[in-house]
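Just the one chain here, laid out as structure tokens, in the form predicted on its own.
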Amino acid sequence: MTPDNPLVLLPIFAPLSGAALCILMARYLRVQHAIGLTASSLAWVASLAILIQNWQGGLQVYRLGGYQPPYGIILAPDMLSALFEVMATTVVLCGTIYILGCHDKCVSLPAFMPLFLCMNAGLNGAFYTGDIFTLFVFQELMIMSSVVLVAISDNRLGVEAAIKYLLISAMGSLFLLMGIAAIYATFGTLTLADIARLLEGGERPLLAQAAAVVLMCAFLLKSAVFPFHFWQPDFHTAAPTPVHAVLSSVVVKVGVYGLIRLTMLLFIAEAPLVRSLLLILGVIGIFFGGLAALRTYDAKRMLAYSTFGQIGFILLGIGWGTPLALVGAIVYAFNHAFIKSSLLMITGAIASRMPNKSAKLIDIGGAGNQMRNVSILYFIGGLALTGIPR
């Protein structure tokens, strides 16, 4: 039996503990920022350590309460989840650093940093959990935190965008719960490793394939894949810049992570059919995202639309199904997370220095003349996002 590794808890409980401390320090903004930066840094360092331990010693686990699966909750980061976790904690740490110098009024609200850390904890837990119901719980923590963060943003359309996402997210949560219920009714366990072992035998009880369908719909909605995409531009554009950077670069990757697990771990027999659908949706997403980005009027909205196309490329890698294609999808996911979050934070920095604090193309046009270094960074980021060799 693999021994418990307490370090697995740190990327989840460091942000949660930081959120609790930030609530106690609600009157002291600088103290809140220091706590947030410390918690995000600890989560990042711990995620790197877990990745190294996975590389050297294989799967790392922690059984909450000492209970054994399938009766207890288990955190079980393998190499895939450890990689995605490093990606997530790196972007969130950069977002936390951005908050320290952010000019948005909402970041000075006492609730902002606790909510940002709760979103961080939910994101980290979604990647580390080895239990499909706990995945649902962590996703809900991530979603509720991000909804409130968008609702309190400086953008006057923030509340409207948050309500839209809340309703659409409820649909995704319903799909996920239906899939979880079908799996539990069929197999009597919610542990991913146990479900994979039971499905390996080739038997498909009545509800097993129905669970695959609703789980796929849930993960497609979380990734904002066509035709589940319509909530994403409004929600992401209305978000404060550090939140938008996390949403558009790593939160959408939770759905991608779920699709990889669905096709590579759980429903391997149904994987060819799922991959065929992912190929079609990926191609549609590439064209739709690119064309929609061309017609937009706002730099943040343009980057939000371009995420459709980049997720489409990732889906093509998953849908192709070969080991090399899957590696390409993961590498592309990393590239997109780091570059897209950087471009969004640069865009936010430019918009915050405009007289009307707007990221509309007509308002920020010519801003590079006064900010030469920023324009060079934006140009390099654009080259990286388009995949031009450098």
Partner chain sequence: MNVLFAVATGIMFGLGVFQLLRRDMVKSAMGFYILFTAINLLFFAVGAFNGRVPAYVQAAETAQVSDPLVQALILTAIVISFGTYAILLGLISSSARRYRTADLDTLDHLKG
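Predicted, not measured: the structure shown is a model, and the values here were computed from it. Positions refer to the first chain, counted from 1.
The next section is about a form of this same protein that is not shown, the form predicted in complex with the partner chain.
Student: Evaluate Ala162 for contact with the partner chain in the predicted bound form, applying a 4.5 angstroms cut-off between non-hydrogen atoms, and reply yes or no.
Tutor: The answer is yes: Ala162 has a heavy atom within 4.5 Å of the partner chain.
Student: Check Phe313 for me: does it contact the partner chain in the predicted bound form (non-hydrogen atoms, 4.5 angstroms)?
Tutor: Outside the cut-off, so no.
Student: So in the predicted bound form, does any heavy atom of Arg301 sit within 4.5 Å of the partner chain?
Tutor: Yes, Arg301 is a contact residue.
Student: Would you please decide whether Tyr98 lies within 4.5 angstroms of the partner chain in the predicted bound form, comparing each non-hydrogen atom pair?
Tutor: Although the partner chain is absent here, Tyr98 would stay clear of it in the predicted bound form, with no heavy atoms inside 4.5 Å.
Student: Whether Val8, Tyr62 and Asp78 jointly form a contact site for the partner chain in the predicted bound form is the question; each needs a heavy atom within 4.5 Å.
Tutor: Per the other structure, none of Val8, Tyr62 and Asp78 touch the partner chain.
Student: Counting only non-hydrogen atoms, choose the one of 149-157, 268-276, 217-225, 101-109 that falls within 4.5 Å of the partner chain in the predicted bound form.
Tutor: Selected stretch: 149-157.
Student: Exactly one residue in Val213, Ala196, Ile284, Met144 has a non-hydrogen atom within 4.5 Å of the partner chain in the predicted bound form; which is it?
Tutor: It is Met144.
Student: Quick one: from Cys94, Ala292, Met264, Met178, grab the residue that has a heavy atom within 4.5 Å of the partner chain in the predicted bound form.
Tutor: Here the answer is residue option Met178.
Student: Using a 4.5 Å cut-off on heavy atoms, what residues in 130-146 are near the partner chain in the predicted bound form?
Tutor: Heavy-atom contacts within 4.5 Å come from Phe133, Phe136, Val137, Glu140, Met144.
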